[in-house]
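This document contains two forms of one protein chain, each encoded as structure tokens and listed individually as structure 1 and structure 2.
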Structure 1
């Protein structure tokens, strides 16, 4: 099985909310200086899903990443986990691209890569939380999609996917080529090994621009966006926590119960 995994570099979503800052004029989040970006966590789950299939059935894994200001140490992480190739789509023309433009660029790059059986994406990126790009790529390539998955297995050439729903999961069968998005229920992504890190260091990424892909300029970048952002802001929360009194943790416990009774919550 040859698998293409789309990964995105994002601001670390585990940054404490109190440290999260935006530039309301530019309508953008401000990257904190002291915190490196990361691969969007669900995309790491997608890499893990691909590695499990490679472990069982062989094949190659190509990771595909579109973005600006890419940190090579970050985008090479899938290689150090065991992926084979890395293709970067880098061009100022992509600045301000929405899900449509991103899916268009990624789908075009996938056609250029050529042969694949499966495409994996994270169920949604940790910045815009939209979850559109995966379905968009599938639509543009005219292939079936299943979203989001907690388990992906290959049985007799078919792909058997456990699709997460609110109160359990569905078992869905699809034939390659297909696109599948991956959720965290799949399990923790593996850590890169020392050897993996060394191998990744030596690998060079293939870099393509909008021109290399022959993209229609009117379909990428901010001007092509389907929706216009009017405003980006941090909501104010009326934070007024009443801490219970006491000297010891034991007293806190009893006093918390009393407090709840007082507030008629108990």
Structure 2
């Protein structure tokens, strides 16, 4: 099985709001210098799904990452987990790309990589949570997609997927090539081994620019965005506490009911 996994470098989602700032003009989150970015957690689940298929059936795993100012220690993590190759799409021209432009660039890169059986993506990124890129890639490549998956197996040449739904899961069968987005219900991704970390350090990533891919510049970057962000901000939350008094339990209950009614909670 030849598998491609799309991953994204993001601001650590475990950071508290007080740890980073917002640039309201550029509409960007500014990360603290002392905290490294991470691979989006759902994308780590996608890498784990690919590794389980590789463990059971063999094959190769190529990870594909688009971004700017990528941290090599971060984007090489899938290699240390057991992936075989890493392709990076790095170009200032990608800055400001929305989900469609990102899917277009990744789909073009996948065509350049060549033959594949499966593409795995996280169900959504941990920064914007849009959940659109995976389906967009499948549409642009003209292949079937299943989203989101909690279990993936290969049986008799078919891909059998347990797809997460609101009240449980449903089983879907699809023929490769296909794209599958992976959810956290798959289970915890494996930790990199010391051997894997050493192997990853020695591997060289393939780096492609927009020109290398022959991309239409009018379809990438901020100017090509089909959606517009109106405002980016950290919500301000205020909490107030008021004590309700009463001489007796009955009086206390009555006063509490009045306060709740005034607050339109009753």
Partner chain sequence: MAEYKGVLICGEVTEGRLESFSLELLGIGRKLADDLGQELGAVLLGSGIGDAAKEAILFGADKVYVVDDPLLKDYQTDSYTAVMEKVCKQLLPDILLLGQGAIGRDLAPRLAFRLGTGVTMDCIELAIDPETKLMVQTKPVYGGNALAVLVCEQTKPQIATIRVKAMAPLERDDSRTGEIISIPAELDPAAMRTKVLDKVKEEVVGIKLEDARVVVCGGRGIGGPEGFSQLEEVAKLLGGAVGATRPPCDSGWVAAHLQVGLTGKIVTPDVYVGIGLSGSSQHIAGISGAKNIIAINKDPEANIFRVAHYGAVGDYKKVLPTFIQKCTELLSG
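Positions refer to the first chain, counted from 1. Just so it is clear, the model here is predicted, and its values are computed rather than measured. What we label the rigid core is the largest C-alpha set whose atoms superpose within 1.5 Å from one form to the other.
In this pair, structure 1 matches the form predicted together with the partner chain, whereas the other structure does not. For residue 246, a C-alpha deviation of 2 angstroms or more is recorded between the two structures after rigid-core alignment. For residue 17, the Cα shift between the two structures is 3.2 Å when the rigid core is held fixed in the overlay.
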